[in-house]
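The data below hold one chain only, encoded as structure tokens and taken in the form predicted on its own.
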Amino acid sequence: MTETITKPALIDGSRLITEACVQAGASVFVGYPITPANLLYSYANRRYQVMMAAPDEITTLQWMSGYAALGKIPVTATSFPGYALMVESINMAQMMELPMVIILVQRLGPATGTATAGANGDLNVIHGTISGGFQLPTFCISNFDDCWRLSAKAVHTAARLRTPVVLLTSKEMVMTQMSYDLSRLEDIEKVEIKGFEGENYLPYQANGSHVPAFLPVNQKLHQVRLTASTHNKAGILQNTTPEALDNTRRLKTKVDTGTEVVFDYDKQEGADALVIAFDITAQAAREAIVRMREKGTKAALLVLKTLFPIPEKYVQLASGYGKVVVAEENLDGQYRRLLFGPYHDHRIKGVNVMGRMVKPEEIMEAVESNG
């Protein structure tokens, strides 16, 4: 008989996220303190090789870009007001193809909002962060297992695709202490940015991989150009030449084809209803599914973990159900509208609240109602 060894601990998601990022290969944290991301900022000072306290969020992204140009994978943590200030520099880093991870801890808006009340209100701004309709790989944490796995995946994706990556979470996930079995934590592989080997280096020559090989700006073997303006493979500024436009199109292709689609799909045979949830609302959805099945109501559950680029797989799965209930903490169903359109058909229902978490009973009512 094999004895199962557990390691129970009272822990918050911020500590798991921090440790996972470091073990995955992130070595630098740059940040400006903001609620509810404060614990991520605090823990960073203890775990990263380098921790830089920036004077503001614009400086944060500029310093992160500098570290990324040296071959490091920097991380920051912020909330909507800070993210709004970072948008121009995120666009710069995306065009330069600099790897970094931006942890966005959502809170109730609009404007500076209520820093101590969570919400799923930042989906539209993330979807529209990059000018021109380009997407940032965006992963969303739904439980403590995701704090570990998705944080590592965010670092790996940033390095593999040479791009900024958003890790989306909420106040309830990163600030609430819960009992967790640390023996559940899997080993994390440390990633390194793919370097260049050869004689003739072009900083944006991607060949068939869609991702250029990397050289840090402080090496002396080859000239390295990093630019946020439209450019060719050599990093020379160009306007609308075919090569420069092809290079810009490649930025979309590498993210669309290279971002891993991660989700949990709990299918129940004979179910005609599907519940879709993400972030902290997924906890209520899981509870609702258990309670409905206990009393004989059949329903499936889809927990979304890759939010952007929007996976076609989600629409395909939803098409097989007569009723689809999307639960999220915002007024107008931001992800529901992005996924199914603003004028979706009658099968699609929303459970939406503001200023508090969604209750399992509200999800159950939406599934079981005749409307």
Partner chain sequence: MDNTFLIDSRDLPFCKGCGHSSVAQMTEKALAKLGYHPLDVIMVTDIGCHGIIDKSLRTHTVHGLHGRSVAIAGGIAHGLGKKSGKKVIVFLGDGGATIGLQHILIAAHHNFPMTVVVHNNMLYGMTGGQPSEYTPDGFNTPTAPNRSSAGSLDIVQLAEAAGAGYVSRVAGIGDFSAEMAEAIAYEGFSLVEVMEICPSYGVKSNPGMKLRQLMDETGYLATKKVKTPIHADHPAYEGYNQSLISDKLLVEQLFTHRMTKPTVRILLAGSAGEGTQSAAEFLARVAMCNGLQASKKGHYPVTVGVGFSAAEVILSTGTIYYSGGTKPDFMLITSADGLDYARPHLAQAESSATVLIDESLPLPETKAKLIQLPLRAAAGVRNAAMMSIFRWADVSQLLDSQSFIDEYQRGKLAAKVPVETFSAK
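Residue numbers count along the first chain shown, from 1. All of these numbers come straight from a predicted model, not from anything done at the bench.
Form predicted in complex with its partner chain: not shown, discussed below.
Check Pro55 for me: does it contact its partner chain in the predicted complex (non-hydrogen atoms, 4.5 angstroms)?
The answer is yes: Pro55 has a heavy atom within 4.5 Å of its partner chain.
May I ask you to state whether Glu88 is within 4.5 Å of its partner chain in the predicted complex, using heavy atom distances?
Result yes; Glu88 sits at the interface with its partner chain in the predicted complex.
For His222, is any heavy atom within 4.5 Å of its partner chain in the predicted complex, or not?
His222 belongs to the contact set for its partner chain.
Is it the case that Gln49, even though its partner is missing from this view, gets within 4.5 Å of its partner chain in the predicted complex, heavy atoms only?
Answer yes; at least one heavy atom of Gln49 falls within 4.5 Å of its partner chain in the predicted complex.
Heavy atom within 4.5 Å of its partner chain in the predicted complex: which of Leu108, Leu185, Ile126, Leu251 fits that? Just give me the one.
The option sitting close enough to the partner is Leu185.
Just to be sure I understand the contacts: of Asn200, Asn239, Thr116, Asn207, which is the one whose heavy atoms reach within 4.5 angstroms of its partner chain in the predicted complex?
None of the others qualify; the residue that does is Thr116.
Can all three of Asn218, Val358 and Glu361 be found with a heavy atom no more than 4.5 Å from its partner chain in the predicted complex?
Yes, the whole candidate spot contacts its partner chain.
For the chain shown here without its partner, which stretch in 256-264, 90-98, 161-169, 239-247 has non-hydrogen atoms within 4.5 angstroms of its partner chain in the predicted complex?
Of the options given, it is 90-98.
For the stretch 148-181, I need every residue with any heavy atom inside 4.5 Å of its partner chain in the predicted complex, listed N to C.
Result: Trp148, Lys171, Glu172, Met175, Thr176, Gln177, Met178, Ser179.
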